[in-house]
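Two forms, one chain: they're shown below as structure tokens, one block per form, named structure 1 and structure 2.
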Structure 1
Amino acid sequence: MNYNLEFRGDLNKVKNLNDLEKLRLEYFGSQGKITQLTKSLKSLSPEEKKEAGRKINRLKNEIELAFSQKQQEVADRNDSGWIDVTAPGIKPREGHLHIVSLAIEEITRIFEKIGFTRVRYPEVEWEWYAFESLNMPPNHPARDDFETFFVDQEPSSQYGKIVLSPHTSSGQVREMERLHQPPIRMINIAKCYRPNWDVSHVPMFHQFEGLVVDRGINITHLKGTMDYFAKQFFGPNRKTRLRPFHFQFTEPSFEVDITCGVCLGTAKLADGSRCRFCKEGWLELGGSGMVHPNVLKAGKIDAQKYTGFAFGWGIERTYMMKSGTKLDDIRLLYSNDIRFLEQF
């Protein structure tokens, strides 16, 4: 008997998955046709058994392949004509924004509440905006190709070479040029690029830059803004301090420190031992200072009438210091490891 031909005829009669299951049992069930053929091998001689076994296996494989194809065809056609509308649907997996995007949104909302306007300036920038306008001379170390990505392009006689923006500070002068006159209250969040790669640095990272320019702006306004941000972003128990430092584009300049989220600035834990996370109760958050008069002049702002303050911090670093995240390697943020990203 030609079981293959018979199976093909039976297969053409199948209308739905129930018919297909009945046909499968007819051929592969305990009393099925292929099963009976296999059992009949024991009555054959060794030579006959070898040849018959080869033919039965070939037949079995051909029927199984045809069965599989028909099963897919019936499933795709959904010829059953019946749908259980009460059955729960298949819910799609819920995704969420990357944690850096979440941090950017949160920081933006915090500063918008006190009148800052969110802006964004070019990632590919002229050397003049990135350095000269910020009071950084030609021999400044940051302008070396070991610290900055330079683009292989014909330089401009007015603006110099093209760079991948090494910081969001270049947006300060662009914002002054855009508005022409104070008051200015800007928050600039964008990608920055520097050729560094270790547990606390990546070649591409995000910064947020704050700039306030108006009459009578002084250090107390800077300190108040820093305290406001620290309490909103890190928690009501966190405090900041300004530590004297030096930046070319601010004078005076400060590093902003924040109390440790583990020991809350005491440098000691509940058991009396020294805090291993901060060692001394404070963590470095970022740079800040009063806008240098030369920077105001570059932005065509009268430095005799107006003063301002600026600050610039890394988004990733700031988020790593946020209470409860416990991130010890910034590169994890861009590893695309779903096991890590799903935690946030």
Structure 2
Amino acid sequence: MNYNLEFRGDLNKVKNLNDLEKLRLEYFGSQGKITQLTKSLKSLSPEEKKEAGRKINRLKNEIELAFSQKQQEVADRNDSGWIDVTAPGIKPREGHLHIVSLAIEEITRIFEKIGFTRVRYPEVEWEWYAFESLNMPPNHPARDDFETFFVDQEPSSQYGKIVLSPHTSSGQVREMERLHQPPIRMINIAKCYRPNWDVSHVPMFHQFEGLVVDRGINITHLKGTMDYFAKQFFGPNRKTRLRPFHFQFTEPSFEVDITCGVCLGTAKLADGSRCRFCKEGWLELGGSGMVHPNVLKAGKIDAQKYTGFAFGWGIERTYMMKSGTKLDDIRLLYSNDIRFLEQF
């Protein structure tokens, strides 16, 4: 009897679990080679049986070990030809919109609910829409507040130089020109550009600008709209206040503050210590005011008949205030680092 079965050649040809199963039958099935050997023991003398039995056992163990190694090997290679339909699938990684896009969508929905229409105006804009039409004549010092990128192009005698719009207020008179007549309820959300680059500035950022013009519009409408937005966007227990300020395109002008989300306007934390997140319980949201008559005139709207209010805030800043995220470097928003973006 041959107790030195050469099985390794067969095993080397095995490519998948199916092949391995077939080979297993060839050795261990009822007609298999090992089974035959075991059966052949019957015809031997007790002495021979002992010796042969030992050899067969050793062979069996050797083959079994080689088979289980092979099984592991083809399973690892994962080309077994088997599909386990009950195994859980591999989930593709799911992305989401950038936080600024999410904020834009949310802000748009909030203002649409109270009848505002989302509009967009050119980012590459005439100086006239960015400044003159907003009551800032050429060389007016207020222009310095809006550091501006100028485009190296022939200026227009009517509209001046070409700029990258430094604020969404440039959409105000464009909207008046589009509609010709009030009522106007616009929400203009766009990219804005200013040549700044540091921990709290990026040269391209976003603003949302509201403009309402109609008969009898007054400060209470402005205040009501601010409160509505604050409650929708930040939560029902937040309040706003209007703090006197100056802008050329509004009169009177205000900065809008909102009660701090951490101390809820009390300026104190639960342990009695001073709140570190705000100034005396308030956080600054952005500018607003009653539309200056000169701006209405620039948009050919009768300033005797109509009044309006406007507001313009930064999206990045407003969103960071909502999430309570204290970003020590706003540039992270645009660094495309997935480890950062995934957290929102």
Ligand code: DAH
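Here the structure is a predicted model, which is why all the values come from computation and not from measurement. Between two forms, the rigid core is the largest collection of C-alphas that superpose within 1.5 Å. Structure 1's sequence is the ruler for residue numbers, which start at 1.
Chemist: Return 1 or 2 according to which structure is the form predicted alone.
Modeler: Structure 1 is the one predicted alone.
Chemist: After core superposition, I'd like to know whether residue 67 moves between structure 1 and structure 2 (criterion: C-alpha shift of 2 angstroms or more).
Modeler: Where the cores coincide, residue 67 still shows a C-alpha shift between structure 1 and structure 2 that is 2 Å or more.
Chemist: With the core lined up, does the C-alpha of residue 143 move 2 Å or more between structure 1 and structure 2?
Modeler: It does, since the residue 143 C-alpha is displaced 2 Å or more between structure 1 and structure 2 after the core fit.
Chemist: With both forms fit on the core, is the shift of the CA atom of residue 26 between structure 1 and structure 2 2 Å or larger?
Modeler: Passes the 2 Å threshold, so yes.
Chemist: Using the rigid core as the frame, report the C-alpha movement of residue 45 between structure 1 and structure 2, one decimal, in Å.
Modeler: The alpha-carbon displacement, core-superposed, is 47.8 Å.
Chemist: On a rigid core superposition, how far has the CA of residue 16 moved between structure 1 and structure 2, in Å, if you could check?
Modeler: Its alpha carbon moves by 7.7 Å.
Chemist: In Å, how far apart are the CA positions of residue 91 between structure 1 and structure 2 with the rigid core superposed?
Modeler: That residue's C-alpha is offset by 3.1 Å.
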